[in-house]
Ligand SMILES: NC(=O)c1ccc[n+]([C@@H]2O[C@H](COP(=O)([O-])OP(=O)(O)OC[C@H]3O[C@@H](n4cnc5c(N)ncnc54)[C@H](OP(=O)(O)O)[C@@H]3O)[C@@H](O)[C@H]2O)c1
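A single chain, nothing else alongside it, follows as structure tokens in the form predicted alone.
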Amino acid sequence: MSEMHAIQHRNFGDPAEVLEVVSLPVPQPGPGEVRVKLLAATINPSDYGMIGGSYGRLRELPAVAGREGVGQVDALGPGVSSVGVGARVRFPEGGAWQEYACLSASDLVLVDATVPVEQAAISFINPPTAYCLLTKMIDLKPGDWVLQNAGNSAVGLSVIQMAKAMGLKTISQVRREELVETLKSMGADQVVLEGSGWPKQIKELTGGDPVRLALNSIGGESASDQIKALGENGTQVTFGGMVGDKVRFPTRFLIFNNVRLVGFWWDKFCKTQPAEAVNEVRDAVHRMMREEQLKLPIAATYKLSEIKDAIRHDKNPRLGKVLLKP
């Protein structure tokens, strides 16, 4: 075994145009390092931002793409005794779409082997984001209402299931009518269609209780509808901007309802919070996965060599993540 497959880009741009499957030498672990074999990786919206050159932080080119995956230690470098071959770990974030990678043993993020591989592969970005949105932004109590758009996204599905486990109630905005019953079967209390004028029925949807927290990952009219539906002293958290449309500044709601608009970025949380706080979030996510309080659907699985097909699938309407495997 001397070569491996990796998905690489030499320029920033459209993933369908700049990504290529290349053969690279299989890395050998140096002193204090381990080699990790990829078990499964996923495709995230932030991957497109990094490949396209628009994300908050970018890699030097040429770069192996991919931010998230799970792997297994398959070789130890000299002096490594803190972990053994076979240990399941997060695959290095600096290029998850490759068969092997080496990293320092001291930087390993261990993953409980009782967490299913496919769930572990998608446990490091979207579910932690959802957990922080529900627990770190405002002090929510059982019975409180949370509103979100992109209810069928990985964060959205995580919010629905986590909120249910925490005793919170959810309203999820979606664009396709066929998703309404699907999301309700996963624990959503209310599901509304974008553009249907649903904010006018907000009191009927909640039984008169206020919406305390709105989670926005789309922008545009979808975000504006959330602001209209928020209760007095409510908070909207923006953590994504899928459509890139402008949001009209909500002067009236800021003045008369004292609505608060803030942002959240999981990457920044990881960089600015103590390691114990980050590990606490990851541990909570993995515990919920072990106990099946959180189980995210998988839309499809592709080989690394099928990356173009995988991206086409990911760009189309779907429910669940698209995974990559060696």
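For clarity, every value in this text was computed on a predicted model and none was experimentally measured. Numbering starts at 1 and runs along the sequence shown.
There is also a form predicted in complex with this ligand; it is not shown, and the following applies to it.
Every residue in the set R176, W265 and R318 has a non-hydrogen atom no more than 4.5 Å from this ligand in the predicted bound form. Contact annotation for G52: none of its heavy atoms lies within 4.5 Å of this ligand in the predicted bound form.
In the predicted bound form, V155 approaches this ligand with a heavy atom inside 4.5 Å. In the predicted bound form, at least one heavy atom of G241 sits within 4.5 Å of this ligand.
In the predicted bound form, Q190 stays away from this ligand, with no heavy atom inside 4.5 Å. For the options Q161, S217, Q119, Q236, the residue carrying a heavy atom within 4.5 angstroms of this ligand in the predicted bound form is S217. Stretch 125-133 is the answer when you ask which of 86-94, 101-109, 125-133, 227-235 has residues with heavy atoms within 4.5 Å of this ligand in the predicted bound form.
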